[in-house]
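Encoded as structure tokens, the following chain is the form predicted alone, with no partner shown.
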Amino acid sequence: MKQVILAAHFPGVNNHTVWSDPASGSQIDFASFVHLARTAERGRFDFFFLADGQRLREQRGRIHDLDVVGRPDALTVLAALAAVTDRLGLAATINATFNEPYEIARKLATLDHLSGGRAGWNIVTSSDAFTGENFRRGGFLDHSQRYERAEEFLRTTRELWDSWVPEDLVADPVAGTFAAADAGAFTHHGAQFDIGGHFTVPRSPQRYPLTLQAGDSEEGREFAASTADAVFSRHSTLEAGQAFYRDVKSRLAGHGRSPDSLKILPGVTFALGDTDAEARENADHIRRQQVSPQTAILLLEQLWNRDLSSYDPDGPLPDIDPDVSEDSIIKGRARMHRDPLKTAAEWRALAEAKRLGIRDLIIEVTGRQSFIGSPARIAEEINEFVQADAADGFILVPHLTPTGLDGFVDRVVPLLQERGVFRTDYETTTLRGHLGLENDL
């Protein structure tokens, strides 16, 4: 029986987070981060994950309503959480376009030291000039160079981490030598980075903090297979999950890697109830909270690329087709649909077949895979996905901050433990150890 991997995603500022619910707390106060992290650790989760962005998005020239609460810097939050947790892995999204390898390698090595080997990062890139306006270099990265920069960024950080070996930290009081003369020496000459000097942080407990990657394109899958320790996915059915799992795992041998060296972790939501029927009612209530009438129009605009503010959220889809020009109605986020005309045709067919208005259609098409049911049902389905090789585990995305994970930890985790597919206590101290990757370096 495969062991299930579980991670907790601190809800982001998007339509999956019901910030308007009376039970919702702050997304900025440290107490919120502490509550969710400690809940995850009480449930013996593998890691806590923080997404991050570099600029508030805009739509129709205004700050996107779902972004206005902002988010403190992710690595700063994780460093603080390291002091109030003991075994839980701590991972965050880091942008390789607007950061430098030396800077990020130093921060991650520091976090790995402070946490005793629990650091991880999700490496992303951006070719968005709008986001780049916040930075000196601007949006200089061509879209075609995203994975080229990410690959070299990752390779360079690992060269920096390898610039120290354990023997470099001499600490000999008799000889008066603390570190070897060439400790931390490095040079790197590449298309994206040309740097040299001495790295300041001795080798950390994991050597390489855990690397996560998200990307469903051909380039993204190949990048994950070549370099990542875990990959996010968002396939909504068992069959689609199995197809993605087979495809990515089959690429590993070409990079000299074993199938177990890369973990597939879909992001999922969940809705619990005492019975399956009650859970379905709860899920429907949550989805209608997540997709308000205003949100439905905003999300429809992201496909249509037009101002649709005059449309009735309960009315039919627009008769006009999406605007496929390069100029996007939303700034600070990549286009979500590769073929807007094809997607619009599919949405129209679905709306006609099920007699859905705009809001009900958006609820239907924007819900990521969810586990809905009683605790027993959800535990059974999670285990089925993992044992059937549709996933190695899941990144849970609660809809409430910070208490949204409480019910899952209290009611579902014990059932997974009873099945023998999830730990009852931590057996390792590092994030790599939790995932069985301590030797995959």
Partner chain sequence: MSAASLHLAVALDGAGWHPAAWRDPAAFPKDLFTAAYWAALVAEAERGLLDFVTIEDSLALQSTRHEGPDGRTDQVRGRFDALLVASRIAPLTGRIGLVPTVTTTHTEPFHIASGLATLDYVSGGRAGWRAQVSGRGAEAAHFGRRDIPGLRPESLDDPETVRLIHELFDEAADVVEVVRRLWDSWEDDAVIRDVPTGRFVDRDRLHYIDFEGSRFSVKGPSIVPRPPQGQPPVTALAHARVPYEFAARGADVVYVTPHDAEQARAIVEEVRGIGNDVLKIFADLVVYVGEDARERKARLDELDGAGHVSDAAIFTGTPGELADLILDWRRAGLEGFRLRPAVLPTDLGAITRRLVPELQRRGAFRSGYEAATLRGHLGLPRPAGRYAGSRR
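Keep in mind it's a predicted model, so treat the numbers as computed, not measured. Residue numbers count along the first chain shown, from 1.
One more form of this protein, predicted together with the partner chain, exists but is not displayed; see below.
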- Message: For the interface check, one of 176-184, 337-345, 316-324, 302-310 should have non-hydrogen atoms within 4.5 Å of the partner chain in the predicted complex; which one?
- Response: 176-184
- Item | Partner contact for residue 171 in the predicted complex: the partner chain, 4.5 angstroms, heavy atom | yes
- Item | in the predicted complex, residue 20 touching the partner chain (heavy atom, 4.5 Å) | yes
- Is residue 71 one of the residues lying within 4.5 Å of the partner chain in the predicted complex, judged by heavy atom distances? yes
- Query: Would residue 55 show up as a contact with the partner chain in the predicted complex if we use heavy atoms at 4.5 Å?
  - Reply: yes
- Query: Taking 279, 376 and 425 as the candidate spot, are all three within 4.5 angstroms of the partner chain in the predicted complex by heavy atoms?
  - Reply: no
- Task: Identify which of 226, 261, 99, 328 has a heavy atom within 4.5 Å of the partner chain in the predicted complex; exactly one of them does.
- Result: 99
- Among the candidate residues 415, 409, 372, 63, which is the single one with a non-hydrogen atom no more than 4.5 Å from the partner chain in the predicted complex? 63
- Query: Which of the residues spanning 82-119 lie within 4.5 Å of the partner chain in the predicted complex, based on heavy atoms?
  - Reply: 82, 83, 84, 98, 99, 100, 102, 103, 106, 107, 110, 111, 113, 114
